[in-house]
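Presented below, as structure tokens, is a lone chain in the form predicted alone.
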């Protein structure tokens, strides 16, 4: 078996030497996935936004022009609320995550048993599914749950976190941040450990304070890593769905409705696929524009 494998790879290398285009053969699986699961659905999304789509009998679908866009932008108040909530949700989760992970990573970057154990504990929620995490936090955030019971010990009356329109969106945002802290924290730790130690030695010799070192040395040198963390979390925040679906279903009164859940609700619940395609286009444009602006901002900082 080993001999046959060696002969196969020897023939493959010989073929590669004779044909410089052999690299394209290895790209076929990835190209296949990109074509059928990204490019074609994207094209279908744009085309279907101009049709009254009937997925049961696709031949019954009819062209309606910009009617779907007009109805979504002028008549659907829930869509407008979903767009605003999505932007708020994205900025709250990203800013909170960046602040917390930078502080935690600066402490966890030390190579000791205590810090390594703490890294393991912090990373554990990331490997759990969003469904299980959401169910856990639904119980914790219940009006009679553990969190409100702990607040009651200090004489504080806890709110109905997921049932109050004033706290539902921020509650889901905190849960998503809690789940993803470990992953992004380890990325920032890797970035911190790659920084040149001689720069910090020079700063200590100049008797620079910790705050000065963080602001003028660590953060500027860590900009490429922070750019990656910011953009990835920003994109993931716009795609939030599972936590909303399990914890609030967009309620109460649409206070936690985000664009990803609105698209699902319009297409799979109300069976209005034309509206959902319009929402998907808006979501794509929002992610593209805000990601471009974020890249411009971080490129200037470098």
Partner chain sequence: MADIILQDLVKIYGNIQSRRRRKHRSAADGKRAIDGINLTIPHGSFTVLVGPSGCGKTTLLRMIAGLEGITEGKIMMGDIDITNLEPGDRGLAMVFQNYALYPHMSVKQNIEFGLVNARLPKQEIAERVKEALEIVGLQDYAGRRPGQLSGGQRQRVALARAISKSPECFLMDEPLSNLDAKMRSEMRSELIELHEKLRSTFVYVTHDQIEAMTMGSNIVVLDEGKVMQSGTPDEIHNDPDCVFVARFIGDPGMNIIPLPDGYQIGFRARDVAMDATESRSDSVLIGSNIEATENHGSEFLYLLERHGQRFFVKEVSRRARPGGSPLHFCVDRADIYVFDSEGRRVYDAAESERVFQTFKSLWETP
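Residue numbers count along the first chain shown, from 1. Remember, predicted model here, so these are calculated numbers, not experimental data.
Form predicted together with the partner chain: not shown, discussed below.
Although the partner is absent from this view, residue 221 contacts the partner chain in the model of the complex, with a non-hydrogen atom inside 4.5 angstroms. For residue 150, no non-hydrogen atom is located within 4.5 Å of the partner chain in the model of the complex, even though that partner is not displayed.
Within this chain, residue 203 lines the site of the partner chain in the model of the complex, having a heavy atom no more than 4.5 Å away. Although the partner is absent here, residue 144 sits far enough away that none of its heavy atoms falls within 4.5 Å of the partner chain in the model of the complex. Proximity to the partner chain in the model of the complex, taken as heavy atoms within 4.5 Å, picks out 211 to 219 from the listed stretches 182 to 190, 91 to 99, 211 to 219, 68 to 76. Shown without its partner, this chain lists 231, 130, 199, 87 as candidates; in the model of the complex, only 199 has a non-hydrogen atom within 4.5 angstroms of the partner chain. Contacts with the partner chain in the model of the complex, taken as any heavy atom within 4.5 Å, map to no residue of 139 to 166.
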